[in-house]
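The form predicted on its own is given below as one chain in structure tokens.
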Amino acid sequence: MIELVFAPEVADARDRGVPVVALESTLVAHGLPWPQNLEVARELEGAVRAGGAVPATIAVVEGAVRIGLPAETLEALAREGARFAKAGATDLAVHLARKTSAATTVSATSVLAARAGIRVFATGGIGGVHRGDAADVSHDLVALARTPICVVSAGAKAILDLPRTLEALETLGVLVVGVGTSELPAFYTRTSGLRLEHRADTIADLAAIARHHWDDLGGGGILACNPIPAASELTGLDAAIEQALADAATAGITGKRLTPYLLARLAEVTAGASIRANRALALHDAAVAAQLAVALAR
């Protein structure tokens, strides 16, 4: 049985029936540079609190599953990200057995949040099918299909093959719902040209859908696609993404190292604009996730 170590704020919220929103730790350890990563981590937690919920940033620290991180641990995660492995759901057992430390990806955070009784998780973008290699598919999709949690994100990361990612989500049976949109967001942009079958124009409607999906039908994951705010959109990145992919191929970078590499290259090419956009969309996701958690708790 996995022992979950709840931060005092999260434990108190559980006792009082206050809604909790899960946050991933890979964004902090590997997704953004220091010190922006710590700033964003604190802002995300603040956005959840402002929405009436309690944030629970999740990580594995010396073999212990931490549901919510104290301030000093969050800072260590941001400052010393290199000493934290990048763990997907399938890696968790290794870190638990060996008592090592790891930042959790979307898949690992989803699984651990669900084990902790948390039904809403906010992140920037999920993984998916990589461009140029349809066999390179993130475990995020499989974990989401199996796990009863709603992931609020700005779609899948723009560096991915979005049409194939959407097809994979449909094949796996993940319920995909646009938040105020009928089109799959493309992370840095609000549109992708890919139509969604379902949309929810209010948080109350999204909460009602989630309740029926889980309570009445025993369903798994829900992907709530929440577009980046219009003022923060970043367009014209296709050429930069293709160049970054070519550079990664030349350098032999694949697997878990690929996404951090591509995001870092985009930050270089855009002179930091992609980091600012990532920050804006992640904060927007946290705010909407808090609203959803509050609605589900009613």
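On a predicted model such as this, the values are computed, not experimentally measured, just so you know. Each residue number is its position in the shown sequence, starting from 1.
There is another form of the same protein, the form predicted in complex with a small molecule; it is not shown, and what comes next is about it.
Peer 1: So, residue 95 and the small molecule: in the predicted complex, are they within 4.5 Å at any heavy atom pair?
Peer 2: No.
Peer 1: Within 4.5 Å, heavy atoms only: does residue 127 come near the small molecule in the predicted complex?
Peer 2: Yes, residue 127 is a contact residue.
Peer 1: Is residue 206 close to the small molecule in the predicted complex, meaning a heavy atom pair under 4.5 Å apart or at it?
Peer 2: Close contact is absent here: in the predicted complex, residue 206 is far from the small molecule, nothing within 4.5 Å, heavy atoms only.
Peer 1: Residue 57 versus the small molecule, in the predicted complex: is there a non-hydrogen atom within 4.5 Å?
Peer 2: Contact with the small molecule, no.
Peer 1: For the chain seen here without its partner, which of 142-150, 72-80, 101-109, 166-174 has a heavy atom within 4.5 Å of the small molecule in the predicted complex?
Peer 2: Selected range: 101-109.
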